[in-house]
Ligand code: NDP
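First comes one chain, alone, set out as structure tokens in the form predicted on its own.
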């Protein structure tokens, strides 16, 4: 089988855009998400349009046992994963520290740190045996500069940044590339999830400027994944023109 890309959080946003782009370029895909019906529809669509193979893996990345079971029991023809796009993550709520929901904090920590780690380690074990592979971790500008009411979300993305550095060091002996891609404001389901389905509030986040689109970030990820074997981009931060970092953004 040709090169295989494993994408977490592939039912929407950056993950779905990556699935579309890599499929168009002829890669075979393992796509993960919690919404199994949407995963299956995506798999059927990509296989029909691009003639590639797609394996669906419906599980919650924060469930350690599910992650271990699904990844350890992949069919033999899907075992040689070339690229992991470690994308699953979310923001839940945007509140002052003393007013924030502990349930929101738990959800972000469980997904953005624990789930991120569970998937990365399970696939890194396979890559280490083959002495090759590329792990692309999706961070955020929030990993670089904390903003008001960002508290725990920012903390989880700072963790992604630190863990990407740690992976790069620890996996170096196996010849595994590790890249962190840190997007700024992007118009996806991110804000809709953060504000728990409040579409009006979510829409206001993107008013007055042209944010990134999921396809913009997918193009950056694809570029990083397709460089020569001896070249590794350690870290990339990408924003729209009107954004400098997680705090400074010009709205018209």
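Residue numbers count along the first chain shown, from 1. Please read all numbers here as calculations on a predicted model, not as lab measurements.
The same protein also exists as the form predicted together with the named molecule; that form is not shown, yet it is the one meant from here on.
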Notebook entry, point to check: Can any non-hydrogen atom of residue 167 be found within 4.5 angstroms of the named molecule in the predicted complex?
Noted result: no
Check: Is residue 124 close enough to the named molecule in the predicted complex to count, meaning some heavy atom within 4.5 Å?
Finding: no
Check: Should residue 140 be counted as a contact of the named molecule in the predicted complex, where contact means heavy atoms within 4.5 Å?
Finding: yes
Notebook entry, point to check: Is residue 10 close enough to touch the named molecule in the predicted complex, meaning at least one heavy atom pair within 4.5 Å?
Noted result: yes
Check: Pick from 196-204, 34-42, 48-56, 222-230: which stretch has non-hydrogen atoms within 4.5 Å of the named molecule in the predicted complex?
Finding: 34-42
Note to self: Whether 148, 155 and 235 jointly form a contact site for the named molecule in the predicted complex is the question; each needs a heavy atom within 4.5 Å.
What the structure shows: no
Check: Quick one: of 90, 71, 113, 171, which gets a non-hydrogen atom within 4.5 angstroms of the named molecule in the predicted complex?
Finding: 90
Notebook entry, point to check: Taking the named molecule in the predicted complex, which residues along 159-191 bring a heavy atom to within 4.5 Å of it?
Noted result: 183, 184, 185, 186, 188, 189, 190
